[in-house]
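Just the one chain here, the form predicted alone, laid out as structure tokens.
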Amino acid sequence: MARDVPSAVSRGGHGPAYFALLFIFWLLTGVSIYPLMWLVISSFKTSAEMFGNAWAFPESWQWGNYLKAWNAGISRYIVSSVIVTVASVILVVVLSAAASFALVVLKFRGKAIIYTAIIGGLVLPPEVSLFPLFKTLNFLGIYNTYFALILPYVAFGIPFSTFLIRAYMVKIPGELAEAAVMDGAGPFWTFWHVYIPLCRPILASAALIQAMRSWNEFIFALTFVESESVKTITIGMMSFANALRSDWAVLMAGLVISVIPIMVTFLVLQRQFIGGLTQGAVK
């Protein structure tokens, strides 16, 4: 009997549940976009307009706010964040991909123990290791350098990236590696020329996740660096805000500048990011 009564969806119509989900979707979209839109609009106002009429568009668009913010010192924080983020992303993706290849393709004893040890890094919250890391970085003489941020970011980024990439590599037919070996290829050639091209979507996903984590990280950046020339954008914005206490519009422009690099990165890699996660789930 149920087969004779087509549902609203099968008839091409939409039931109440559809419109409820659609409403929730647009509501969440508005809630997510509104703070960013308010930030962008406020960055083009004067400070008086921000406090006088926070909800209105600016009477005159103050493009000079961005130049003032850039010249006020935010440029060096952006450069530091780019250096730390790019270095940590490259190291995490390369090391995680190599570890995943070894765990999936190579044959050796103790693979399960090694994989468990790597994944065990997900259990430890980064904040718990602040004091041991502080002592270690001081002992190594790299406190207050870029390495003081890059090394912890890499160490805490490898477990999840390895978990992600390994789950994708497991779905790749093993016959490809066997064929490469029969053609005389070694492990490195097989890894670089066979598995890396096939894993580009998940590598892009891992890179984007690590980039967002490194760019937005706060606790390590606050603890392990103190020089203005090394501070990343999350910590540098504190100094930037203190220097511009009376010019809130310029501060808003600085915040917009700090968001642009990671947003552009996400927009460029979003298709690979979604593709890598979905293909890894259904392959």
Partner chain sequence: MSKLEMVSVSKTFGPVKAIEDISFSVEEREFVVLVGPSGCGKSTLLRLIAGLEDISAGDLLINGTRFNAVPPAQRGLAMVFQSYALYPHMTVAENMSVGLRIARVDKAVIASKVSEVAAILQLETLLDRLPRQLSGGQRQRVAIGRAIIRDPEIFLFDEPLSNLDAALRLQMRLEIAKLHKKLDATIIYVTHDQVEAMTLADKIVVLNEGRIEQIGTPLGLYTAPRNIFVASFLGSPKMNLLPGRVTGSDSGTARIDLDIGASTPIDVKAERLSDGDRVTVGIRPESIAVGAEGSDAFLPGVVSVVEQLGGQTIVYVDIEGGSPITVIMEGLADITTGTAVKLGLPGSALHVFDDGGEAVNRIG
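Numbering follows the first chain given and starts at 1. Because the structure is predicted, anything quoted here is derived from the model rather than measured.
The same protein also has a form predicted in complex with the partner chain, omitted here; what follows describes it.
Of the listed positions (I113, V170, I90, L176), a single one reaches within 4.5 angstroms of the partner chain by any non-hydrogen atom in the predicted bound form, namely L176. Note that among 162-170, 191-199, 67-75, 82-90, the stretch whose heavy atoms approach the partner chain to within 4.5 Å in the predicted bound form is 191-199. The partner chain in the predicted bound form is not approached by I209, whose heavy atoms all lie more than 4.5 angstroms from it. Put simply, A180 is close to the partner chain in the predicted bound form: some heavy atom of it is within 4.5 Å.
In the predicted bound form, at least one heavy atom of A185 sits within 4.5 Å of the partner chain. Along 72-110, a non-hydrogen atom within 4.5 Å of the partner chain in the predicted bound form is carried only by K107.
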